[in-house]
Every structure is written in C-alpha cells, then in structure tokens.
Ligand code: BES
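Next up: just one chain, as structure tokens, the form predicted alone.
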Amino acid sequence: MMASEGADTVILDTMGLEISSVTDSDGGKLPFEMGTAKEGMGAPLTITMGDKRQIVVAYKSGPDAAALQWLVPEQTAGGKHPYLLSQGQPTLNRTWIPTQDSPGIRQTWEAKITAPEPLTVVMSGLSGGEPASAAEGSRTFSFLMDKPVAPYLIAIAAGDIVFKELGPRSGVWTEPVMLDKAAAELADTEKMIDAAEELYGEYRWGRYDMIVLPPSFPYGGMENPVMTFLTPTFIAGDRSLTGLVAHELAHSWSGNLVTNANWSDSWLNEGTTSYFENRIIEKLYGTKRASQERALNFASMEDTIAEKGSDSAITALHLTGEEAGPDGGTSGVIYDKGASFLHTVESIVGREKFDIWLESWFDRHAFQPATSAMFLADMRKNLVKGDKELEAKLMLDEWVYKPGLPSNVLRPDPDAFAEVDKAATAYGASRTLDKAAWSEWTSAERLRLLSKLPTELPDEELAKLDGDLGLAASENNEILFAWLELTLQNRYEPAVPLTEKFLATVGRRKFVAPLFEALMEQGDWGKTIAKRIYAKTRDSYHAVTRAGVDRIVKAD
C-alpha cells in the first residue's frame, strides 16, 4: 500500500479484522493502534509510518466478515464444490481488506489469490494469465486493476466455474451446468458495449466479463470493473430481463468512471446509470421496450414517493441527515427520479445537445469522484451557458435538492401500456382476461398487468388467474415474484409452498425482503409463516439481505 508524500501516519478502515503485524517494505515493524469500534463502521487502524512509503499489513478477516459469503456445495448449481463470493458496496470491504473504505477514495490494486484445486478464482481486475501451481494441490491466480477505482469495487469469487467467450472483449463465467443458459441470455452483450460507446464514448476498462453467481447473491447485479457480478434470477430464457445487464454495463461510465464522492450523492451513480440503461435498451430493442420499461420504473417511483411522502427527505436526489448514510439510497428513488431528471433535461434542451454534454461530463471527470454541486455547476457552465430562460425551465436545484417531483417532470408515454391498461380495467369489471393476448405480451406488459390487478382478490379468482396465465410456473423471476407478492397479500394458502421454495433458493434482496414484509403484514397467519421460513433460510442469505430481513421479521 503506497502513501502520499509528507504523510507520517495513515488511517485505514477495518471491521472485525485480526491485525497481527504492520511492517515496512524491509520487514521493519511499524507501530499501530486499533481505535474504538463503532456500530456499523468498525474500528480505525492508525499506523505510524514516519518517512516510509510502503507498508505491509498482516491480518485475517473475521469469521463473520459481512462482505464475504461462503457457500457449501449444496448451495451451488453443481452441488459438488464450495463457493466464495463477495459484495463490498457500500462499506463492507473493510471486513476483508484494510483500506480507506469511502466512495471518494480512488486506488489501484493488485492481488494474488491461492485456492485449492479444482476451484477457479476471478476478481474485478484484469487476469494475470494462467494460474501458477502452488503447494499441496493449490493454484495461485493473479489480478491487476491499473486504473484508480473506489474501494467498494474490489470483488472476488471462487468456485467450480468455467468461461465462455461472447465477443472479442466480453465473456461469461459461471458453473458448468449453468454455462449454456447464461451465455444464451447474455448473447447481446457485445452489441450493448457497442451501443454504449456510440452514446457516450470509449469503454475504458479493456474487457467486459461477467460472472453469473449462485442465487444467494443479494443484488441483481454489481458493476465491479471488468467482472460484473450477476444474479441468475435475470435468466428468463428470452432476454426480457437483460436491462439489468445494460444497467451494470452503463456503470462503466456512471459510477466506475465518475463516482459519487459521498453516499449523499448516490444518485450520480444510480440515476445517471438508469437513464443510460434506458438509452441502451432503446438503441438495441427499440422505443417500445424502452418506453415500457421506463413507464414501469416511473410508476414504481411514484408509488414509493406516495408511500414515503412527497415532502420526505428520502425522496430528494441529494440526501441529507439520516438518509445520507451508506444505505440511504435503498428506497429506489435515486434510481428512477435521477433517470427522470435526465430524461426531463434531455427533453428540454434536445437529445443531441444533451448527449454531447453528458459524454463530455464523463470525459472531464474520468476516474474522479464527483458531487451534486459539481454536476450542476458543470451542467450550468457547459449546457445552460448562461441562458436564463433555459435555467428557469430546467429547475435544476429543485430536482436535486428538493423532495418529491418537480412540476416540469417528463412523464412516460401515456400510451406505452394502452392495451394492457385497457385489459386491466376490463378485468376489474368482468374478472376475465384474454389468455391469447397475455401469451403475446412482453415481460414489461405482463408485469404492468399484475401491478394493475385489484389488490384484494378471493381464492377462486387467484386460482383462475394462475390456471389461465400459468403464473406459478413462470420462469421469469420478476413475474413469479409479483405473483407471489399478490397472493401473500391475499393470504392465498396454495401459494405458501411455492413461496417457501422461492425464499429457500433465492437470496436477492429485491425479492426476499418484500415477500417477508408481505407475510409480516398479514397478522398471525403471515407472521407464523414468515418466522418459520426465516428460521430455515436466514443462514443461506448474504449479510446484505439478512440485515434487511432481520429488521422486518425481528421487529415484531
């Protein structure tokens, strides 16, 4: 670890690490002190290094390192070998790496990882080539990230995994039994990279590989540079959920290239990326799919704002107070309000001018942290250019610093789901659906219909819906989740075994937490089921998912 000139001490973030020694590059011991641990933050490691400019920290991670999940063979698709995966965002990497664990920090890194055969290791850095043989049937893998990245973007996975090339600079890693299915779902990846470059400039990371992880991974995806981590729950067999891939790819510009300097401005990562994702989808799959996906996300955002209150601080883009911590942006508003902000600006200034400006923003701030104030200042200098009438139309400060939605918001195309909304209205009156129409609808259209169904339905109607539409047998996890949530809200007993199976095999927080919440809201009936299931499944979830569900189930 290298230190800057003039510094005689360095303070690193740690959580649960066992520090055995700190030395300089010649092996000389350096004094260090562990500070007082704080809940959720760990303890600072202060090292006195004098005029030394390279230090070595010898340590072990604790058995409960929150960033790391150790899976037994039964939790993998192959069922033969153990598996390790990490998830560092927002501040969990300090549980396995002593570092300055803040998004405003930029660092290069290299690593050598030794693992027993036949396990293969991948990391979020460029591979150093074929692994070297090590002692006692082990192999050593080497990796390098030569571009400065935020600490939360250091990631590792190890298991029985193999690789398949998708294009000249892209490929997928996963377990052998998953490889063909994953590769088929990701077949458009190289086209996505080309589309992203056409929009906002050169892809600067060399390769764009992905790893499809076991289903315990807590997120849909994680944009770790050169090695995006993906949940297998996006595999639907028809590439209808590959907006997730477009989102993680877009982070190669908005998030990895230009990173929010603090968690108060997480929207700079997620909102900009959500906008960029939609533009990639439009370029590859057309305006209809892009318009429908935007409309779904917009409706979800409006529901959240209505739930939280339009004057709630959590509905602002720049977060303040209690909402400004590392987990402040988990409501989802920063994704979709941020995207709506940029869609609105684009509609006012024109797409061509907006695209020129956004590409130049990425160029001017490449490999640097940024803040909301910097973003708005750059927009005013290089896009508004002193035009007072344009400034007034854009309402920039209201978008970023005020809660709720500004009056100039560009709403999605009202006709995006005209046919589906008509069918949903008809169902409300007749309780019948056109099965032939459903079979022709896109994934977004089916999700729209499920979101528009009456929230209170008797058992016989739920049974008929399932019989007509095959909802419980859907291979699309977004549709299956929406169906399960609806059934639990109606205490539909036939759906309980499927819910239990789903929660025992999927660890994605987006699905798991709402289903437990739906159960806990159903009085003694639901609470009994939730607690019984969670007693069996809790240990199989990553710490990120566990933390959220603990708050839901244990709050009773």
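If you're wondering where the values come from, they're calculated on a predicted model, not measured in any experiment. So that there is no doubt, residue numbering starts at 1 and follows the sequence shown.
The form predicted in complex with this ligand exists for this protein as well; it is not shown, and the discussion that follows is about that form.
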property	result
Contact assignment for this ligand in the model of the complex, among E445, D265, D101, E248, heavy atom within 4.5 Å	E248
Selected contact from P131, P215, P403, G221, since only one has a non-hydrogen atom within 4.5 angstroms of this ligand in the model of the complex	G221
Option from 330-338, 134-142, 417-425, 450-458 whose residues, in the model of the complex, bring a heavy atom within 4.5 Å of this ligand	330-338
P90 within 4.5 Å of this ligand in the model of the complex, heavy atoms	yes
Partner contact for K52 in the model of the complex: this ligand, 4.5 angstroms, heavy atom	no
Residue contact check: A183 to this ligand in the model of the complex, 4.5 Å heavy atom	no
Close approach of E293 to this ligand in the model of the complex, 4.5 Å, heavy atom	no
Residues in 508-532 with any heavy atom within 4.5 Å of this ligand in the model of the complex	R508, K510
